[in-house]
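We begin with a single chain expressed as structure tokens, specifically the form predicted on its own.
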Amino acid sequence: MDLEKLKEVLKDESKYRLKEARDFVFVKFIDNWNQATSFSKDLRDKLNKECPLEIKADVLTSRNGDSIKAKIILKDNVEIETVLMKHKDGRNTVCVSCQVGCPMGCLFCATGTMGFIRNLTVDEILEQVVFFNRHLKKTTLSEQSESNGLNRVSNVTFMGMGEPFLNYDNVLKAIKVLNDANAFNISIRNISVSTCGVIEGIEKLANSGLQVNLAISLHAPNNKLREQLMPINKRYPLDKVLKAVDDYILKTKRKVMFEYVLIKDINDTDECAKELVELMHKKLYFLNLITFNTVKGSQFQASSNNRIETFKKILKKEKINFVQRYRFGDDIQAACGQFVTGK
């Protein structure tokens, strides 16, 4: 998709035509302009030629059907991955990518092995959500279950490939379209952005007025260990990241989530848990524990269930607010830290 061309193609049409075209793409989720029946045949043909809606993708579905991964092929033939997670309570969450590859180089993440290739455009971010909305629309229609309206994407997380705050402008523009009542109409409180701790991005978001959810990739309770796992910690050390988070909370009054992937014999010890308690005792801090997902070629292993339970007991004893994240899509390499492509 290249929706930037829409304005150009429709420049000689009335302004209403552009609004109608966006409605077809972002609300009705058509995949061919021939489905825009209120347009003339000539206009449909022109749009199909100059602004096609095809999204090229390879798709994998998890064994239990709760996760669908799409490898989307972009116009310059590079690839990104994105996943749809279908929750038992009816929510549909899309984990989107914002970059091709990632410059952060976190040792526990497959995406980091790709290095950084380029930022995604606003359209390339949005088409990931469009793709899965089309899928849900077709599923709903095939099941003839329209009585409660079409099944749609309800939540979006910027936790796929890339560091969102290194593509800040395009990510923020995409968020505004996702939240737009005349487009995807996704509640701003249902959109989450995860960062490795890019302080400038945290500060910008605090001043943006957008009530999105902020998540911090933490993964270690001290600078020494965090530097080993996340090279970015050398530029943005833990104390400065936490100071930026505290300033963010002061300005927004919003809760902040901290993500912590549990890696066997690395950051899952009792000592790490106790250090984590010291960091996480603040009122609007919320901890999200993640089981390490296998990454090809990685030296790391997931913590055992017994070790995780012991780790959680230490947190519970100190009344730390936390949850252990449910594992979506690990059998199709679609879980946290597993996104990677060959280009």
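Because the structure is a prediction, the values reported are computed rather than measured. Position 1 is the first residue in the sequence shown; the rest follow in order.
Unshown form predicted together with a small molecule; subsequent notes refer to it.
Going by heavy atoms within 4.5 Å, which of 122-130, 67-75, 101-109, 205-213 lines up against the small molecule in the predicted complex?
Of the options given, it is 101-109.
Just to be sure I understand the contacts: of Val261, Leu178, Val241, Val171, which is the one whose heavy atoms reach within 4.5 angstroms of the small molecule in the predicted complex?
Of the candidates Val261, Leu178, Val241, Val171, Val261 is the one lying within 4.5 Å of the small molecule in the predicted complex.
Quick one: is Phe292 in contact with the small molecule in the predicted complex, heavy atoms, 4.5 Å cut-off?
Result yes; Phe292 sits at the interface with the small molecule in the predicted complex.
Quick check on Thr195: any heavy atom within 4.5 Å of the small molecule in the predicted complex?
Yes, Thr195 lies within 4.5 Å of the small molecule in the predicted complex.
Is Phe158 close enough to the small molecule in the predicted complex to count, meaning some heavy atom within 4.5 Å?
Yes, Phe158 is a contact residue.
State yes or no: in the predicted complex, is some non-hydrogen atom of Ser217 no more than 4.5 angstroms from a non-hydrogen atom of the small molecule?
Yes, contact at 4.5 Å.
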